[in-house]
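Take a look at this single chain, the form predicted alone, given in structure tokens.
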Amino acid sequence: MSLTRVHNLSISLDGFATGEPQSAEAPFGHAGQRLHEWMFRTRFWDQGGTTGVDDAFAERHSVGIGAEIMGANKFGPPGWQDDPDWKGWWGTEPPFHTPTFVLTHRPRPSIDLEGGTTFHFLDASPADALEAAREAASGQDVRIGGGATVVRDFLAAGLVDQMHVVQVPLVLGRGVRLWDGLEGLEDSYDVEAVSSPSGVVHLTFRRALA
């Protein structure tokens, strides 16, 4: 069976994956782009970027992925459901290149865009969304793309097989936390930590074998 994976999920030292308030002008709230600067410096993001530890982790993001699941707040700013012309942040050719399932309480018809990305809008539980994504993935893995609330819901439901979290050395103090309600999560996973010269720590979680 295909795996369910999380990649390149950046969090602050106090566990926040985004700041607040989120808006069209500030998708990550007061955090800005600070949580993701480590990735912007890599060759995965920019051909002229670095090729070290950060790049090695970042590039795993797209390998073997056949579908993605994301939350409403990743697809657009608050209120995007009221704009029938909103097609996501990424323009006419989004970077996913797979069927992509957006979880929202206000579904709309699917959108086909260039490069192989089709956005499907579902009002579904994590288990039901994963079933739909696995069918669309044709045997490849399914990526849980975020934001933090969606990742947390899939973790709480026991549906994540592998997860890559990047701890960034900054304190946000407020926003959306990843770890709330997940006490004891480490008991279900083998956890490894790799420090990078950039100052971030790459945490990998792999479901522990029974």
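Quantities reported herein were computed from a predicted structural model and do not represent experimental measurements. Numbering starts at 1 and follows the sequence shown.
Not on display, but discussed next: the form predicted together with a further copy of the same chain.
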#### Entry: Within 4.5 Å of a further copy of the same chain in the predicted bound form, all of 39, 56 and 152 (non-hydrogen atom)
no
### Query
Even though a further copy of the same chain is not shown here, does residue 194 get within 4.5 Å of it in the predicted bound form, heavy atoms only?
yes
#### Entry: a further copy of the same chain contact at residue 156 in the predicted bound form, heavy atom, 4.5 Å
no
### Query
Heavy atoms within 4.5 Å of a further copy of the same chain in the predicted bound form: does residue 182 have any?
yes
### 4.5 angstroms heavy atom contact with a further copy of the same chain in the predicted bound form for residue 203
yes
## Note on the structure
Picking from 52, 49, 32, 169, the single residue whose non-hydrogen atoms come within 4.5 angstroms of a further copy of the same chain in the predicted bound form is 169
### Query
Since the chain is shown here on its own, which stretch among 172-180, 63-71, 40-48, 139-147 would lie within 4.5 Å of a further copy of the same chain in the predicted bound form, judged by heavy atoms?
172-180
### Task
Enumerate the residues of 12-32 that have a non-hydrogen atom within 4.5 Å of a further copy of the same chain in the predicted bound form, in sequence order, or give none.
13, 14, 30
